[in-house]
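Only one chain is shown below, in structure tokens, and it's the form predicted on its own.
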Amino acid sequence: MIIGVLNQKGGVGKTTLSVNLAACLARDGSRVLLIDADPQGSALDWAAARQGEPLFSVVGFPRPSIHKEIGQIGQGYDHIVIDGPPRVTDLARSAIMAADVVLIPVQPSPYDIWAAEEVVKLIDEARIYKDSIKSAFVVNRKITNTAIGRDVREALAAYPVHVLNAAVTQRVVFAEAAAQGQAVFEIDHNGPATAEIQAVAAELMEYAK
């Protein structure tokens, strides 16, 4: 399975979600590759901060030929997660074309909901050439017990894109794990953050079948 994590709006938690999804998929022994397609290289920074054995492979490939080279880059892996670039670029288009399913993280704010239109348009354009691409929204950095946190799913329903029931809450533990180059389950083994990532991964894999 090739999962592209994309949103043209920066600061939505793309890399945090990509890293933790990859880690979750690798926990069962699957061979997982994380492709850092963001010129900022945040996933590579995460990998560099890590002490000890890697959970999965991480490579930097911020070039607009991912869809052409994914077969070679990803050879031998069970799952590939692409941490896509912010902004609408040829690189973003290539990442979408490479993916089986595009996961769009959206923060519960009106600006994020409005900005999602750009990536939805890109996915629609890509389907002209690859009609099998699936897409789904995931609410990320949700703030509990707020009106916008409750209403965001209803707002996203205006788009012709599936919305995952699972969501990820804003938690300090994600930043703490990232600073150490770790996945959240490594420092919060049975905690709510780990459970949320597992729920997103399970639902996404079921939807993408």
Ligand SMILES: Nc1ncnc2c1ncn2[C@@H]1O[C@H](COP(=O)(O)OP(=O)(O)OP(=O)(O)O)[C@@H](O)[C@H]1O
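Since we're looking at a predicted model, the values are computed, not measured. Residue numbers here begin at 1 and follow the sequence given.
Although not depicted, the form predicted in complex with the named molecule is the subject of the following passage.
> Taking the named molecule in the predicted complex as the reference, which of Leu55, Val152, Val168, Leu33 has a non-hydrogen atom within 4.5 Å?
Answer to the contact question: Val168.
> Thinking of Val12, Asn140 and Ala175 as one candidate spot, does the named molecule come within 4.5 Å of a heavy atom in every one of them in the predicted complex?
Looking in the predicted complex, the three residues Val12, Asn140 and Ala175 all sit within 4.5 Å of the named molecule (heavy atoms).
> Given a 4.5 Å cut-off on heavy atoms, tell me which of 45 to 53, 58 to 66, 140 to 148, 25 to 33 is the interface stretch with the named molecule in the predicted complex.
Stretch 140 to 148 is the one.
> Please tell me whether any heavy atom belonging to Gln40 falls inside 4.5 Å of a heavy atom of the named molecule, as the geometry stands in the predicted complex.
Taking the distances in the predicted complex, the answer for Gln40 is yes, it comes within 4.5 Å of the named molecule.
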